[in-house]
Structures are given as structure tokens and as C-alpha cells.
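One chain follows as C-alpha cells, the form predicted alone.
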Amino acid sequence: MASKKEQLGIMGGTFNPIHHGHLITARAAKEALNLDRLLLLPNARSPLRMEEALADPQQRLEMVRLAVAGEPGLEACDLEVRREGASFLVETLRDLQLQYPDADLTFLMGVDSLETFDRWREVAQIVKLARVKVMPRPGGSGSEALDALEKRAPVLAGKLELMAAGPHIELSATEVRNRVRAERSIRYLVPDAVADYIYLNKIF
């Protein structure tokens, strides 16, 4: 009898910094999709956001590691940070397929990414390497954005799946960074270990 394949999720982002909104979303997605593990994957640099001011990739990776320490089923993944340069999902999925040949891969993306997904490198290969699940904004379905994407890129028609809207979390990394710069508290916005790391290393 063949053993059951591991269900391995991947949730990418800048995590600049990671905050409780990311963690709540990750936990909800893991449970909704019955994933065995969910890898949180900080990118080194998004090729479509090259002008964005980011903390050092190693610092963002360390903040993710601190945030998920002791969180069952959530893990930090350093693949894109180790690779350096621009981060391309298709390369990451190929690496993960080699690293976990007996796993089924599921890539989680936010609905906002639908606006640019057809410009990502080798999108036709991405949807062959992993199931792609789209997380809508709370209160929205994301169906219009998905329809628009499929019209722009017919090769993706029927290849992406919309999830039910997750928890409504009014929190952003921009807000966290702004509060740090204004010397205001970020307690309860990020895990305590992440806050300590930000202050100790004078990030943002």
C-alpha cells in the first residue's frame, strides 16, 4: 500500500517584517487545506518590486524563524534568501520538488498577486509544479480578479483555485515599520521575539 503523500504548503512574501496577521492567515490556511506543514518563505527580492525598501533578507528570515518557533506545522524556509538575487517562484518550486519528492506542493498567494501573476517567470510551469490557492480579501471572493487574469493569460484558465475568505486582520507590515520609526509600541502586532529582534538590531 502506497504511503500517503505529505501535503506541503508554501506561503511567500517579503515579511518586512512578519506580523500576527501573517501568522493568523498562515494558520487558518494550513487548517483549511489540511496541510501537514506550511513553509513561510521570505523572498530575497521580488523582481516586480525591485524599488521597495526592504530589511536585509537574512534579518527578515530570522524574524520569520523567531515568529514560528514553537508553532506546530509552520516553518521558515530559507531557499530564496540563500539563492540571493531576484526571487523566482518557479525555481523555488523546482528546488522544493527535488528536496521533497514525495510531497504534493500547494502555493498560497494573496488575491492582490493576481494583478501581476501572468508576468511571473514560467507561470505555466508554476501551475504544473504546485496547486495554486488564492486567498481573497475578507468580504470579497476574488472572482473578478481571477477572471481578468484568465482573460490575459488563457494558459492559466482553471489552474488557480480561490479559497474562502480568511480572517479579517487589519494589520500591515507598513504600519509596523511606521510605528517603529515613530518610536511607538509594536507590542501585540508582532511576536515578542520579533519585536525584541527589531529593537536590538535597529531595523527600520
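Given the structure is predicted, the values throughout are model-derived calculations rather than measurements. Throughout, we count residues from 1 along the sequence that is shown.
Separately, the form predicted together with a small molecule exists; it is not shown, and the next lines address it.
Chemist: Quick check for you: of 70-78, 110-118, 124-132, 86-94, which stretch puts a non-hydrogen atom within 4.5 Å of the small molecule in the predicted bound form?
Modeler: Selected stretch: 110-118.
Chemist: Residue 155 versus the small molecule, in the predicted bound form: is there a non-hydrogen atom within 4.5 Å?
Modeler: No, residue 155 is distant from the partner.
Chemist: With a 4.5 Å heavy atom cut-off, would you call residue 171 a contact of the small molecule in the predicted bound form?
Modeler: Contact check for residue 171: yes, within 4.5 Å of the small molecule in the predicted bound form.
Chemist: Is residue 142 near the small molecule? Define near as a heavy atom within 4.5 Å, in the predicted bound form.
Modeler: No, residue 142 is distant from the partner.
Chemist: Is there a heavy atom of residue 177 no more than 4.5 Å from a heavy atom of the small molecule in the predicted bound form?
Modeler: Result yes; residue 177 sits at the interface with the small molecule in the predicted bound form.
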